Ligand SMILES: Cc1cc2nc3c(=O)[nH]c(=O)nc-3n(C[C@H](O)[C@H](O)[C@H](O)COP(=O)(O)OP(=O)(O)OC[C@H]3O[C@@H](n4cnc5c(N)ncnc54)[C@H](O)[C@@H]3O)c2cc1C
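First, one chain by itself: the form predicted alone, in C-alpha cells.
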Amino acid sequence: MTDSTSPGSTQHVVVMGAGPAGLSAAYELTRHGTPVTVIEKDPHTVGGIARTLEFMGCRFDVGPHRFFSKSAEIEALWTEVLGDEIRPVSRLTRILYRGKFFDYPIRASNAFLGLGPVETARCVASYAQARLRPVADPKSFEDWVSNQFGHRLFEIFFKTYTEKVWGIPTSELSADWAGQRIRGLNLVEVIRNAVLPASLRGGERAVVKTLVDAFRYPRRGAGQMWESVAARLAKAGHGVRLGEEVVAVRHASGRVLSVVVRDGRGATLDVLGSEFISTMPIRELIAKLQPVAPSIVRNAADALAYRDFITVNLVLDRADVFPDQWIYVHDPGVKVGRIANFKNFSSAMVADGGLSGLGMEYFCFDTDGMWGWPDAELLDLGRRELVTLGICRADEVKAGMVYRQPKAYPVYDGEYLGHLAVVREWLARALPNLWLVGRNGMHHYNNQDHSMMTGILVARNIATGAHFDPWLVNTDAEYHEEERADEAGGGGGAATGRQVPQRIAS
C-alpha cells in the first residue's frame, strides 16, 4: 500500500521521529502552510527522550529536564505552546558524596562544612603536591585535573561521576575534554576558592551562564510540551502517527521517494513525500536505506557509538525526601549516577501530596549485562541503593517501573568525526532531500533547545528556500544562524557543539 496525506500537493514533508527536533520541525512547517506527516514508533506517546511517563499517579521524565535557553526564539516558542502551563522553578541541585551534600555549584561555606578541616587540609596538601610535581605532558583527564587542582579534589568531585556517565576510566579519557568541561562548569575553580588560602588561589570568577539558578518547567512534566505540540499538529490536520516504525527508506535517482512503515499489527505501508527529515540514529537510518548505501558509508555509520541508560522510577510513601530537583551521586559505593525528585519540579507531578516520585539513572551500554537485567532486579537495586545512601527506608518504597533509553548520548570517540564526515558528504551528494536533525539524527551532543533549533532551521530551508546550516547550531550553545561555515570550523563539527569525552588515541 502507499499513502500520501496530501494528494496532488507538490510538497509534502515526512518527519521520522516525534522528539523535540522532529516535532519542532513539523510545527515550523505548519506555520508556513507546508503539509507534513510525523511518524513515531512509540505506540503511546511523543517526546523522545523528553517524554513523561506515568505510574501510580506519579509522573516521571526520562531523566531530569530543564527548560532554559539562550535563544529568545526558543523561549518564546515554549511560552506560545504552553502559556501559563510552563512555570519558573528555583533551581537546587547538589552533589552527594559519602553521605554529605555539596551545593552545586559549590559555595565556600558549604564546602568547608562538608569537607571538614581534616579533608580540607588534605586537599590543600594534594594541590600543593600537584603544583610541585605535576605530571609532565598530561594526556588523560585524570592527569590534567589532578595537575590543576590536586588528586584529592579530582577523586571527590570528578572521577566517580564521570566514569559512571561515560563508562570509561578517567585514566583513559583524553585531557582535551578536561579543559573544556572544567572551564565550562567552573566547578573545581569554585571549590579551589573555597578550600585554599588566598595566597594559593586565583581571583574569584563569576559562575558561568550555563549554571543558571532558575529555569522553567511544564506543570505536568517535560512531555507536556511535546504532547501539546502534537495536539496542535493534529488540530491543524497533521496528526502524529504513533506506533509506526520506519523499516525502510526508499530512494532512486538521487532522491528519497518514500519511507516504509510497519504498524502494530505488522502491516506495512509506503509513505510518500517530497522532503524527508530524520531524527533516528544515523546508524539505523543508513541501515534502512533501499537500495543500500555504499559499503564505505555503511561501515562509517556502523562505527558510530552510543551511550545508553536505564531509569528506575520509584514511588515513595513519603511527602518530603530531599529538596533538590536532582542530585549527582558521586559516591563510588553505588551504581546510580543521578537521582531526580520530580515533585520538586512541579507539585502536579504527583497526584497524592503524601507521595514522592524519584527517578534513578543508571548509565550503561546496551551490551552490558545490566541492560538485560529483569525489571524486578533493577527495582530491587534502586531500593537498596536509596537505603544505602540514607535517602529513605526500604519500607517506604511502594513500587516502581523501569524504562530503558537506548542511544541516549552519542559517543565522541577518536574516529567519530571522520565517520560522520563520510556519511554527511555522501548524503548531501546522493540524497539532498534527506535532512538530519536532533541529537541522534546528527550524532551531535545537543541539549533539547539545540535539537529544537536544528529542526526549525531545516523546516525553514524546506518551506522558504533558506540556506541555514543546522550543523552550526550549538556553537557554545548560541544560535548564530547567519554565521558562515568558515567561522565555525568549517561546519564539520570539530569546533562546534558541547564537547564530550574521548578516549586517548592509542
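In this text, residue numbers run from 1 along the sequence as written. Note that this is a predicted model, so its numbers are computed, not measured.
Separately, the form predicted in complex with the named molecule exists; it is not shown, and the next lines address it.
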Is every one of G48, V62 and T279 in contact with the named molecule in the predicted complex, taking contact as a heavy atom within 4.5 Å?
-> yes
Go through A408, I95, V297, V334 and name the one with a heavy atom inside 4.5 Å of the named molecule in the predicted complex.
-> A408
Work out which of E385, E163, E275, E245 lies within 4.5 Å of the named molecule in the predicted complex, going by heavy atoms.
-> E245
Heavy atoms within 4.5 Å of the named molecule in the predicted complex: does A21 have any?
-> yes
F149: touches the named molecule in the predicted complex, heavy atom cutoff 4.5 angstroms | no
Do N447 and the named molecule share at least one heavy atom pair within 4.5 Å in the predicted complex?
-> yes
Would you check, heavy atoms only and a 4.5 Å threshold, whether E284 touches the named molecule in the predicted complex?
-> yes
Sort through 435 to 443, 25 to 33, 52 to 60, 456 to 464 and report the only stretch with a non-hydrogen atom within 4.5 Å of the named molecule in the predicted complex.
-> 435 to 443
If you look in the predicted complex, which residues in 289 to 325 sit within 4.5 Å of the named molecule (heavy atoms)?
-> F309
